[in-house]
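Here you get one chain, nothing else, as structure tokens; it is the form predicted on its own.
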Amino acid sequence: MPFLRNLIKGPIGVFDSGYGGLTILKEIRKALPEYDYLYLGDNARTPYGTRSFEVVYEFTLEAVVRLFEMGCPLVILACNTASAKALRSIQQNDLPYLDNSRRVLGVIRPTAESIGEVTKSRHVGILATSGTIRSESYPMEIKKLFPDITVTGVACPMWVPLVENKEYDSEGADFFVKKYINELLSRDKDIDTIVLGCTHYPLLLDKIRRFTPEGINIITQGEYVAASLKDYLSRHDEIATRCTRNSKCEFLTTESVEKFKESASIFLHEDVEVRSITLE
């Protein structure tokens, strides 16, 4: 059944397959502290990066529907894999049926828009999950905006497990961080800008900087997504006025509440109140 197309007010929904989206939420809350947020992590079914397009789309749509049901007029897919594999289908095929007055936005486009002002050599590298690299979403988005930029991508299948298992600051992580950076730079020696195309990767930022040659820019997504959302809301009053503003933030997980609290503290450096839900 389609949703009733009423102009209900509610929080901004933020969705990720796991915990990485908390790095996006953190920057959004910093830029727009007055708004209310509802974060949903599908932690029971993470990671999405190795799943097929069809499964990622199905899972992401379930999350969007749930956030709509909970009153969110706007949902941010704070997940590169979901943005790469599900966003376009949801925007074009599902929103008209669900509720065309609501919006679903992703993290890849805002990141791609920032590239043109950063790179001087016009050679850009992408470090991301296997699913995001295979989707070629970054090269496609960047080429649309900046046809003169050469984009090279490398999958980093070990980086998310390092973060999820709290090994991102260990000496053992050094090998895998250095390995993928070297692989990327060996494919294109002219790269002067590297995009971290996964929301988990900022936790590896210190190591990434250590093993990246001086003079190469490293782009993390949070600040760019937050700035893009702020601009979007300033230009779309019909959405902004439906987003409630009480500076509240709630958290939902499809996994253990205690496990979410423990992991969330790593990303947000604060204690959070969490509820467990199921998606179907």
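Each residue number is its position in the shown sequence, starting from 1. All values derive from a computational prediction rather than experimental measurement.
Not on display, but discussed next: the form predicted together with a small molecule.
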### Query
Which of 58-66, 246-254, 41-49, 210-218 has heavy atoms within 4.5 Å of the small molecule in the predicted bound form?
41-49
### Partner contact for V160 in the predicted bound form: the small molecule, 4.5 angstroms, heavy atom
yes
### Query
Does T129 reach the small molecule in the predicted bound form, with heavy atoms at most 4.5 Å apart?
yes
#### Entry: C198: touches the small molecule in the predicted bound form, heavy atom cutoff 4.5 angstroms
yes
